[in-house]
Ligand code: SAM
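Only one chain is included here, represented as C-alpha cells and corresponding to the form predicted alone.
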C-alpha cells in the first residue's frame, strides 16, 4: 500500500472522504527529514507518521467547524494543528510550542506548505499575551498533560461560545470523570467520542468541553 493509499483509506475509516493528499504527503517528507536531525517525534517511518500523527490528528476534524479560530496548545511538530489546517484551509490556526527546535521546524513547514492561515508562537501557553484571552473558537490539545493542566492552560483562551477539544488515550474518560468529580461546576461536557485508530487499533478518546460561564453577580 502506498503512502497515499494509506492516508486515503485511514481518512475514510474515520469518516473523511475525498481527502487532498499532496500537502499531507509533503508534510510527511518534512517530518521524516527533520526527524533525523531534530528530536521532533519518536515516530519516524512514513507509515507510523501517517497513522499515529496525521490520521490521529484528523479524528478531531468533525469538532472544528469551518472558519474557526483554533489555538493548538503544546503543538510539538504541529499536531493536530497543521493536519487540521491542511484539511480545511478556512481555519485560522495558532500553534504554540515552547521548544525552539520544534518552532524552527513549524516555521519551515508553514513556508514549505504555504500555510498562510497558520500563526506560530514560540512560548508556553501560560505565557501568551493577555490580549489573546477569549480569542478562540476552539482550543485543541494532544498529549500535553493531565486533564487539570490542559484545561487550566486552554480554557482562558476560549471565546464565550468556544470549546476545548482534548485528545486522550484509553483512560481519557476516567481522566475526565476524575476532573469533573473534583470540579463539577467548572466545565460542561459536550461530547465524548471513543474510537480505535485505523490500522493500529490503538484506543483514543476525544473529550469536547466548554467552561461554565456564570452571570456576574450584581449588588442589590
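Predicted model only: the values in this text are computed from it and were never measured. Positions refer to the first chain, counted from 1.
Another form, the form predicted in complex with the ligand, is not on view; read the next lines as being about it.
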| property | result |
| --- | --- |
| The ligand in the model of the complex: contacted by all of 76, 102 and 123, heavy atom 4.5 Å | yes |
| Of 146, 98, 133, 112, the one that lies within 4.5 Å of the ligand in the model of the complex (heavy atoms) | 98 |
| Contacting member of 58, 30, 153, 51, with respect to the ligand in the model of the complex [4.5 Å, heavy atom] | 153 |
